[in-house]
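To begin, one chain is listed below as structure tokens, in the form predicted on its own.
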Amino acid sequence: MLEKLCNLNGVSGTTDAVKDFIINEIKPYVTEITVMPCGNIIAFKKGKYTPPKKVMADAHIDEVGLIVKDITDDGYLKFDEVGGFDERILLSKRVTVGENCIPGIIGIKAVHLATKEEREKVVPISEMYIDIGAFSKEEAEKYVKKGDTIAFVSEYKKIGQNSVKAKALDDRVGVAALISALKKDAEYDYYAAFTVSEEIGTVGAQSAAEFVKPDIAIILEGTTCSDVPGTREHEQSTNQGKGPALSVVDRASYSDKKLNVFIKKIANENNIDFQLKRTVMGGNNARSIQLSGGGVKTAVLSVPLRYIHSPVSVMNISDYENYEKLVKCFLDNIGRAGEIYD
């Protein structure tokens, strides 16, 4: 299922393919599905019991990508970013443009025409273009238009003994884990929110939280992992092979301390490996959910991803397996949520 999700295109603002896939997967297993005007999917899962506090699990369905902002007279596409990423990853990447998935390549001026200064600097997006094989603006406009989103081309593949590479692992890991939980019997009622537009400002999460009005929310994410040569140990946010990562604080939210203690306790009781995220960079849907209504207790549980927000993110399979287990154990124990409020 994770492979199918990653191979779908769902750049922020154009997530219908992902939305339709999710609905088809979860429809037989949930009590009610609401599709909000913004594109959020809110599913209610009826359990054996009603917990003392209303709980929502959130995973965003959009991915980073690009958008066409202009078409040159000679048929090249000028573009900008949708979501944040390192511009260094873009050169020579394969992409598809628009609803019809028109193939293209990201290029720049030929190296033998570049000055010494140009060759030594990081090329900004403003100097790049996408070549779709058109020779005029009129020809290009037969296939694409301004405002079309652009997705990276990268198939989900296993590498090594226990890893996979793919685009959009952030946050199809969260989506897949939440779908997996919904397909199993639930001890307690909970809401599953599959939200849009996280990559451009946690937009969907705010309306989802206002709709559900949870007391507690767990945000299911992918997070940065830089356990690679050149990164000192104390700078490594997470490490692959050590389990899912529990956040303490980032640039957008502060996780509830009692909720984090509760999750650690559940992980230890069920012999599930986990780690603490050791840096404070980044942000996620906890930012908007935490501030909704009268305030929501939030926790963020993530899968460590090398080369996040690129066409070739890398994930450790055992980390994901432990992630799925911990998500399900958390949802099966939310009847004890009173502990969080003691």
Partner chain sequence: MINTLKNIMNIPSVSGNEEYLKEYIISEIKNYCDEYYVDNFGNLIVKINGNDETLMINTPMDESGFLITHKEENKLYFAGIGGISPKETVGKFVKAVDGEAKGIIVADKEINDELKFSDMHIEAFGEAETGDIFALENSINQLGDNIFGYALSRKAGVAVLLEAIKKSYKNNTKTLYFAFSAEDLLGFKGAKVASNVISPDYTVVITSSCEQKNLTDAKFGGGIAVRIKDNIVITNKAFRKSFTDKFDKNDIPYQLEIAEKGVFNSEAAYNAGGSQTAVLGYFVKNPDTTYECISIKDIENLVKALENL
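Positions refer to the first chain, counted from 1. This is a predicted model, so every value here is computed, not measured.
There is another form of this protein, the form predicted in complex with its partner chain, and it is not shown here; the text below is about that form.
Undergrad: Would you please decide whether residue 306 lies within 4.5 angstroms of its partner chain in the predicted bound form, comparing each non-hydrogen atom pair?
TA: Outside the cut-off, so no.
Undergrad: In the predicted bound form, does residue 253 have a heavy atom within 4.5 Å of its partner chain?
TA: Residue 253: contacts its partner chain in the predicted bound form.
Undergrad: Is residue 290 one of the residues lying within 4.5 Å of its partner chain in the predicted bound form, judged by heavy atom distances?
TA: Contact with its partner chain, yes.
Undergrad: Taking any heavy atom pair closer than or equal to 4.5 Å as contact, tell me whether residue 280 reaches its partner chain in the predicted bound form.
TA: Residue 280: contacts its partner chain in the predicted bound form.
Undergrad: For the three residues 234, 257 and 341, which mark the spot I'm curious about, does each lie within 4.5 Å of its partner chain in the predicted bound form through at least one heavy atom?
TA: Yes: each residue has a heavy atom within 4.5 Å of the partner.
Undergrad: Its partner chain isn't shown here, but in the predicted bound form, which of 76-84, 244-252, 266-274, 148-156 has heavy atoms within 4.5 Å of it?
TA: Single hit among the candidates: 244-252.
Undergrad: Quick one: of 296, 314, 55, 42, which gets a non-hydrogen atom within 4.5 angstroms of its partner chain in the predicted bound form?
TA: Selected option: 296.
Undergrad: Going by its partner chain in the predicted bound form, which residues of 172-208 come within 4.5 Å of it through any heavy atom?
TA: Residues within 4.5 Å: none in this stretch.
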